[in-house]
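One chain is shown next in structure tokens, namely the form predicted on its own.
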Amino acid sequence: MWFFRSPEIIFGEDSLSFLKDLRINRCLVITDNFLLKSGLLDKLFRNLPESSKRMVIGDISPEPTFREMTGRIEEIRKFNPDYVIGFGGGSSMDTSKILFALNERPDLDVYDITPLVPLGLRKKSRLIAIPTTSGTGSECSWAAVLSEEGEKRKSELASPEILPDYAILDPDLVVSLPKEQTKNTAADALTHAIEGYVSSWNNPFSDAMSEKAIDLISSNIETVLKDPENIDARNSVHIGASMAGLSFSNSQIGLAHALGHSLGAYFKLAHGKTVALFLPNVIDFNYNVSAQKFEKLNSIVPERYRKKKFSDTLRGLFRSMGVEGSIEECGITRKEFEQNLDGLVSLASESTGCLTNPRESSTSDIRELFRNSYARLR
């Protein structure tokens, strides 16, 4: 027996106005310092019911630890929100999921947020996720990531009960997204869609989401990077990114994420950048067990990017987007890489991505993938 889980999704222009239809009395908004100072938060506030009381947590860092996430938990419990809104990128939305759970369950250990433990949430509040980037897919997933204090490690928490009730995809919120974030988050979304498509837990529902996500993103990302205010292209990429989120959250990730999480934890690199640089080599590694599916995906990417091998198609697409194609291009010296290689391999080997990757991998396979990804394949 399988389940396909999704929030109620509100999308397209003026989607934020949906908030006016909700009976929001006490609203907790979780965001980052950049958005706190930007005009985007004002757009959110203008669409909340005028009578609603608001509490804002606006200091979420790109890689928050549990201590950073929960520094104001007692204040949150006193405020007693009936809606929790994660507004921003993956870190803000992931933090909102964790605070949503811990607000209702003061007795809960954060590491009890697993699919195996019934949490009994939604007695006090509902959860809304509003992405201001197009790529993490957190608004459509039942997972959350936190960085471990003082360690080069991230923990992945998951429970169907932290899946948002509503995901609001308003393209107006991503029109001003900087080019660097636009390309990295789009690369992240493509990686979600591709790894979800060939995951050992893939299913017809997740496959459909992957195929359409790759179509929407690969057909529109060039336009978005050249003309950031093209609302139609932005809308397509934004919707595609959430479809990719629906795919991987209902099928799981693979080795590109296992290696990417490890590299990002060690060298503090953007997540989308790290998973994308490993993806073509991981596809080559997985090719013999997923050839038919990779060939199908290759036929979906626009012909101007298409090569005979799907991995080469992606190398060309990522290069056209300006996404780094190797560890070396991320500014990591060969000496730094070699000094940390054992730790990188060990951490990647512990990822759930190794379990759901379509081909089994040994530590020597993972080490070879790291080594093959240091310099760009010419």
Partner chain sequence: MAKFPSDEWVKEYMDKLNSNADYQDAGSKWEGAITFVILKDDTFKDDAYIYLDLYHGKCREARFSNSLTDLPKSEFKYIGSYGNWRRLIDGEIDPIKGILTGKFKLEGAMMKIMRYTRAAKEMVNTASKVQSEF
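As the structure is a computational prediction, the values presented were derived from the model and not from experiment. Positions refer to the first chain, counted from 1.
From this point on, the text means the form predicted together with its partner chain, which you will not see here.
Using a 4.5 angstroms cut-off on non-hydrogen atoms, would residue 349 count as touching its partner chain in the predicted bound form?
Flag for residue 349 set to yes.
Heavy atom of residue 17 within 4.5 Å of its partner chain in the predicted bound form
Answer no; every heavy atom of residue 17 is more than 4.5 Å from its partner chain in the predicted bound form.
Residue 360 near its partner chain in the predicted bound form, any heavy atom under 4.5 Å?
Yes, contact at 4.5 Å.
Using a 4.5 angstroms cut-off on non-hydrogen atoms, would residue 152 count as touching its partner chain in the predicted bound form?
Looking in the predicted bound form, residue contacts with its partner chain do not include residue 152, since no heavy atom lies within 4.5 Å.
Identify, from the list 157, 270, 301, 233, the residue with a heavy atom within 4.5 Å of its partner chain in the predicted bound form.
None of the other options qualify; the answer is 157.
Among 315-323, 43-51, 349-357, 333-341, the region lying within 4.5 Å of its partner chain in the predicted bound form by heavy atom distance:
That would be stretch 349-357.
Contacts with its partner chain in the predicted bound form - residues in 217-253 whose heavy atoms fall within 4.5 Å
Residues within 4.5 Å: none.
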